[in-house]
Ligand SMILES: CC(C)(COP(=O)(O)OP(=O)(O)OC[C@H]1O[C@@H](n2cnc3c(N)ncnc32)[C@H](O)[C@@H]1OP(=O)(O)O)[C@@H](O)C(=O)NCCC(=O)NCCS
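Only one chain is included here, represented as structure tokens and corresponding to the form predicted alone.
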Amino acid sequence: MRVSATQTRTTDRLILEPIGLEHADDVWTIHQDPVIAEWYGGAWLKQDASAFCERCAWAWVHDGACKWIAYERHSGELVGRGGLSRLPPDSDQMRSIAALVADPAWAKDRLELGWALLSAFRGRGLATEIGQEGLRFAVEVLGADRVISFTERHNRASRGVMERLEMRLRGEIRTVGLIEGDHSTIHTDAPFAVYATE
């Protein structure tokens, strides 16, 4: 399977390009943003961004889906990243979510939706726009019936996006992340809220 033209998407305000190795500098820039860095345990190094881009490039070819890099449609300005990815089939995280969702079709597709926007572009509905396009791609291109999204329990901004996308709270899992009131330490059992499309 090769990266195809259908994998680049255009929305009302954004151009969404499949992340590849050529996006390493932009991904690094995104993860220097203080708000994003806080949720990811600190700013990424250049090699972190390159490794992420390498994984995305592989996934676009082999899984048919991964994250997009988002640019403003008219100015070309970097906005953030987001879109779909497939959870690893044998992970504890995957097994916990599959038990909550209780849908064999989702367990086969393992599609997860997420986003990370630069602070200058937050509060404009652009995460929702990326999410809507991700859900459209899941249905129209991948033929998926269900998509999940999850975030730390106290990440109210991301949970608000999930709710605007009409995803329904299915419960919580414990996994690696942040605990409310302590963003200085990555915990192995942080509570995450899991949402799923109907």
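Residue positions are given as counts along the sequence shown, with the first one as 1. No experiment lies behind these values; they were computed from the predicted model shown.
A second form of this protein, the form predicted together with the named molecule, is not displayed here; the remarks below concern that form.
- At a distance threshold of 4.5 angstroms between non-hydrogen atoms, Arg124 is in contact with the named molecule in the predicted complex.
- Contact annotation for Val161: at least one heavy atom lies within 4.5 Å of the named molecule in the predicted complex.
- Proximity of Val35 to the named molecule in the predicted complex: non-hydrogen atoms within 4.5 Å are present.
- Using a 4.5 angstroms threshold between heavy atoms, Arg9 stays clear of the named molecule in the predicted complex.
- Per the 4.5 Å heavy atom criterion, the named molecule in the predicted complex is contacted by stretch 153 to 161, the sole one of 62 to 70, 45 to 53, 153 to 161, 136 to 144.
- Proximity of Trp58, Ser85 and Ile148 to the named molecule in the predicted complex is absent: no residue of the three has a non-hydrogen atom within 4.5 angstroms.
- Of the residues in 10 to 42, those that come within 4.5 Å of the named molecule in the predicted complex through at least one heavy atom are, in sequence order, Arg13, Val35, Ile36, Trp39, Tyr40.
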